[in-house]
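Just so you know, structure 1 and structure 2 below are the same protein chain in two forms, each on its own as structure tokens.
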Structure 1
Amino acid sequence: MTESPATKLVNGDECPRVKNGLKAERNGLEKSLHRCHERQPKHHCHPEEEEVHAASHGGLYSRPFIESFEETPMLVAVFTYMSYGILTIFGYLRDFLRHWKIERCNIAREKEEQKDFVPLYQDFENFYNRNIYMRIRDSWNRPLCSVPGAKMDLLEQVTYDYNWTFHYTGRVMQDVINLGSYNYLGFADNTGPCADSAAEATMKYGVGVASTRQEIGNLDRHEEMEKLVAKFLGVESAMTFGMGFATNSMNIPALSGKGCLILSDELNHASLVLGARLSGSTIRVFKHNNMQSLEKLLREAIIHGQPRTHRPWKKILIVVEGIYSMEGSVVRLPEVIALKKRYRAYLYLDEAHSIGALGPRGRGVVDYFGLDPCDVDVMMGTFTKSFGAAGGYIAGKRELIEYLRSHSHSAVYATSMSPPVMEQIITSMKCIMGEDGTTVGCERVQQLAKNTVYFRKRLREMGFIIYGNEGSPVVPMMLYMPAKIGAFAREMLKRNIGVVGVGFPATPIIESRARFCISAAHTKDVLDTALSVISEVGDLLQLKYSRRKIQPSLARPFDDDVYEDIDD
């Protein structure tokens, strides 16, 4: 078997390296993994993945926890930095030509008579957008002409000014395989029981409610939907909102404020970050999915209290996601809950991508690990992915929900959810629960799990570097260099496959990637076709970087000896 950093450590040869050449001890890997070696019997994992057994965490995990994050090849990292350096140099050159009107300037800028005003457009902050993003802008914002199913129709667009503006030719690209939409369970469709129910609701209630829930916009279907959501999640009560982003950004300020502490994962979604900032709470960030980093912050918060006064924090709120949409990683929820209980903190869990997509019953990451929903204080999720609808929810104890009904800005001031959207949620959720009298929902959950494992396995076998958990339907494939983001998307679209490319600043500067989203609607033939094309384009663009050596995730026992302070 090929020897990886993980197996070398178990054999006592050397400590693991972490990606980009950072020292292992800086994120707490070295100490914890040494203790893992001292206390556990030797075991060997596949060189591409790390497996956490239940016994290795004091019985916290009821199933193997397998994630892979392969180290960035040094040569690739060097060339990626060089690419950004060259683009930056040419960007400054083009800005110089634009300043002297040698090159036409298409960017938004102040009028000449307003040159002495405070700038409305931050010229330097837009440097990346106008000089780097603009070169590959054609890879995004393509109009769809159909439902975002397993296949979709795209409207062809062309540009005559290097992606500053686009023109539509009127030609429709039909049957493009869709590997970019969040349609995890395939409910985003225009046929079937969900579409029929939504149409009936439109005929009965109309499209809009034209009022807030607290005035005259509270329909009987709103009440039924919230009871169904609470039953689905296994909690006492739930409330729904018309926008998923606002569910986070408007409810966190209602739960936390001045004198409170928010501990946020460094890769949390922008809606969580915005909500934390709007709350006025003190925010401290812990390293992604790193329980040692989280516990260090918890200990410091308990010991030192608030800055200057050293008074105890009014409350400590841990904010994490179920599936991280850029990494494809799954939160280490059993460990987070154990730490939360140990230090008497509160837990806010965002299940936007995991609800419906994880767990044997599609109940999300709590179901995936077989945990008690009551151990999560605030359960949040959206209906925009697995349910093929719109909006979000907050669920938990009845007292929590009653408090939010009168204190949440999104509950008090926002217009009620649209009736056809409600009906889509109710019908799809009943289908997943089996309350429609069929097994279609259960079969879709199982099919998504099979498709995810198959797709990830095949990509790794081809030699691509894949990030994330084996059960995550979000599959990031590393591209690294900025030019390859656009090249990969264009070459895939030429072969009738639509993909999403992601780069800086949404990811670290040298970790640009293509992000595939797997759906239960994908058949094996569709996946095989897509995989064949991905392999072909991967050979063309030389994207098969894998050296079969991955950086192991944090595998360690859950005890007081391991969870100690991290040296900064």
Structure 2
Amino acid sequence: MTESPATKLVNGDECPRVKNGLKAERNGLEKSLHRCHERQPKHHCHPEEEEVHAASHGGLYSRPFIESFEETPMLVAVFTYMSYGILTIFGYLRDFLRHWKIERCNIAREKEEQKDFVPLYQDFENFYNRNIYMRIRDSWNRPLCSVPGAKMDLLEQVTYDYNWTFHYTGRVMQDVINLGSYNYLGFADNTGPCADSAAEATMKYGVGVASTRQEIGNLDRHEEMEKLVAKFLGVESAMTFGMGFATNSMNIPALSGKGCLILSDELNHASLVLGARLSGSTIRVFKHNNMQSLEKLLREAIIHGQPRTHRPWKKILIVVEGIYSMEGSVVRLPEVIALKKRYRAYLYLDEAHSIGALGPRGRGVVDYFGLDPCDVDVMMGTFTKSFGAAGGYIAGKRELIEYLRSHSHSAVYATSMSPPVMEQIITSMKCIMGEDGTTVGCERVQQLAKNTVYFRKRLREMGFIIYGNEGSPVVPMMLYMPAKIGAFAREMLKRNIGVVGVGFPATPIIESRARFCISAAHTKDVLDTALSVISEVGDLLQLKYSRRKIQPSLARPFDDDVYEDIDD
């Protein structure tokens, strides 16, 4: 490490903290007051607080942990609430008009014979969809008709009834720059070794398996892939599953049950929440990436035991994600591991977005922080993103995997992974590991890190509010107002760039955002084009909210020195 975290912090290029009443202590970076002072340092990052000490990050972090969540400007927050207010008033007005048949209603209707049944939906459930989501619905679900690579082809769609239905004109919007797909390492490709091996597998095996792993759907290639995954991650054993979502929702119940406690980050993915719920364990939620909150829960749980009976918990499972896909934040893994060890809890790490995308060797967040994968009890990840395939894995100690092989819901009841998908995973993983005899994989991992730093830095310089960790290839850019989601996506698409907008309920109500996913397949030209368009649209829609003064001279330049310390 050439530069200490402290100097970086003092440089003031990143002094993230939110002192905002609207969303207080998002993840309490500087509030991490741990009780065991000798082990858990405080993290002060206010520029005015000069006593930032390099030693404070000491043994835990091997690299600077720089994450930023600039506070929402008050005026913007007020206007955002107002815009929701106006939308709601208009919603009621239009519902009124629809009710009296003044406005034509396009909603599909209940069957005549079933009109006297209990209504299938509660009306207020759909108010939001009908009156807010419907206005900007064209920004999602746009159909592709090409590889979801660095550039993609989109089917042109038109609507004649204000987004209630879409018609495809048959025309294709070609070479749209893709800032939406999770193609971090650019392995989504229809040519090259991965596609070739997948094609071979298709011809040899067919696409299905028509049985479960435990019955008669366990191909030799499945076992091979699992050995490779274990080797890739540096753990004893691994098991793979046909769907990433189901990997969480069908395996957490096998690991945890009644009398166990699950401590879950508040921003955990729906699949983790579902898995935790299905397990029947008690679930407690800690503030996003807030170690103080996690420690408090851990202590209380151990001291007080189970509610009412005060029996000790059977086990405590901490469930976190590597990269949080809506915030772009990276889990404070060194601290989580320290806490987990101190309190003898188990750690379930979901690397859906981080595997392949983080770390000098692409081994995910564990690699990013230079930690030992054996310190994570359950390593989970998906193949959908960096590997350009589908499915998920769980890896860890041999006993864990042996138990899952006999007790995972997926192994017993769900069809095993499709052979071509499997081949894509094997080939892309070997490529990242350099086992294919090339350095392509390694170069892609580096390219992604480079692109990420560059893209994030440029956006910040332009004055946008960017959330998350500087190393995260998921780049959320704040839009705040719901109408701007639609406006931004449309304006961008008009300029041939495909982006993803996210709003409530996936984010807090006032924090609508656009989310860019950087890929190793993006060349500097592509990124520069995208950046200049974002800047242009940002001016048009007045999205440059940031009030931080960025001095480009102080900001680390985009040069190769930065990447040297990534390689070490």
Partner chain sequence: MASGQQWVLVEMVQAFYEAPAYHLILEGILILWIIRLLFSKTYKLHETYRLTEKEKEDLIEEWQPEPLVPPVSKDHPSLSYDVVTGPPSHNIIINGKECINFASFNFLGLLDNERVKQKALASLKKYGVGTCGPRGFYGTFDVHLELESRLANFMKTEEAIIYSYGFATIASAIPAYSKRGDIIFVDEAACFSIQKGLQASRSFIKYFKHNDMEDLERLLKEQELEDHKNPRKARVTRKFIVVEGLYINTADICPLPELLKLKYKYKVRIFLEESMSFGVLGEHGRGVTEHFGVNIDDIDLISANMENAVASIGGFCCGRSFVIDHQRLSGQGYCFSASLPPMLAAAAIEALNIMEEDPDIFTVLREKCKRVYTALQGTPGLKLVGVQFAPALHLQLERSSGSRDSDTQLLRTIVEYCMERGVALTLARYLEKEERFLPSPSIRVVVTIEQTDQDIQKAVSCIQEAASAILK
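Predicted model only: the values in this text are computed from it and were never measured. Every residue number counts along structure 1's sequence, beginning with 1. We call the rigid core whatever largest set of C-alpha positions still superposes within 1.5 Å between the two forms.
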query: Pair member which, unlike the other, is the form predicted alone; finding: 1
query: Shift of N141 between the two structures at or above 2 Å (CA, core fit); finding: no
query: Rigid core fit then D372 CA moved by 2 Å or more between the two structures; finding: no
query: Large Cα shift (2 Å or above) at E113 between the two structures, core-fitted; finding: yes
